[in-house]
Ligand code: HEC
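As a starting point, one isolated chain is supplied in structure tokens, in the form predicted alone.
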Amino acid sequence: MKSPIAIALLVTCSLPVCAQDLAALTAETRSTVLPVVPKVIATMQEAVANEGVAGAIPVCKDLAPQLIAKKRAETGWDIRRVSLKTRNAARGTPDAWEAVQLADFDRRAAAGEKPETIETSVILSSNGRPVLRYMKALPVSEVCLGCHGPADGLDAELRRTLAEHYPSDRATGYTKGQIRGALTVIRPL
């Protein structure tokens, strides 16, 4: 009888792309998609400085999805931001695999792993075709706390503005460095 690990390796290596390629595919995926994150953070910082926290809401709501959509169009990969505590459930609700990874990211961070280094990737079969599933944790930075920090620390006007844009918002209560969510990629191989 084969062990579950042996079976997983057999299945993985029976795909056209073998597990040895995982590190190279992960590195290429990371270098392709992660440059979006500092662009969003820099734009957020600029918007907060110029327009205040409420004036920066469109950066997360509109600009980040536009940058991701542009990268999706360039690559043909499914790229999204997901979270266990969504602000926009239509865009940010994780699928089952992503939810497991996000919970694991939280466990890893609680065990002392630096949130900014947490990621995972695996080659799976989806609809009979191999895909790379990649996720990178998105920790809460200082600029994020203005909208994602403790709800009782947000001023009343900001809470009203958030409620207008996100009536089902669950994305508050974070502290700096906590994992807010992740950038997730499904890359056909």
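One rule holds for the numbers: they count along the sequence shown, beginning at 1. Bear in mind that the values here come from a model prediction, so they are computed numbers and not experimental data.
Same protein, other form: the form predicted together with heme C, not shown, and the subject of what follows.
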Task: Contact at Ile41, Arg87 and Arg180 by heme C in the predicted bound form, all three, heavy atom at most 4.5 Å - done: yes
TODO: Examine Arg108 and determine whether its closest non-hydrogen atom to heme C in the predicted bound form is within 4.5 angstroms.
DONE: no
- [ ] Please run the contact check for Val36 against heme C in the predicted bound form: heavy atoms, 4.5 angstroms, yes or no?
- [x] no
- [ ] Find out whether any non-hydrogen atom of Arg72 is located within 4.5 angstroms of heme C in the predicted bound form, and reply yes or no.
- [x] no
TODO: Spell out, yes or no, whether the shortest heavy atom distance between Ser83 and heme C in the predicted bound form is within 4.5 Å.
DONE: yes
Open item on the list: Using a 4.5 Å heavy atom cutoff, which residues in 38-61 contact heme C in the predicted bound form? It's fine if the answer is none.
Closed with: Ile41, Met44, Val48, Val53, Ala56, Ile57, Cys60, Lys61
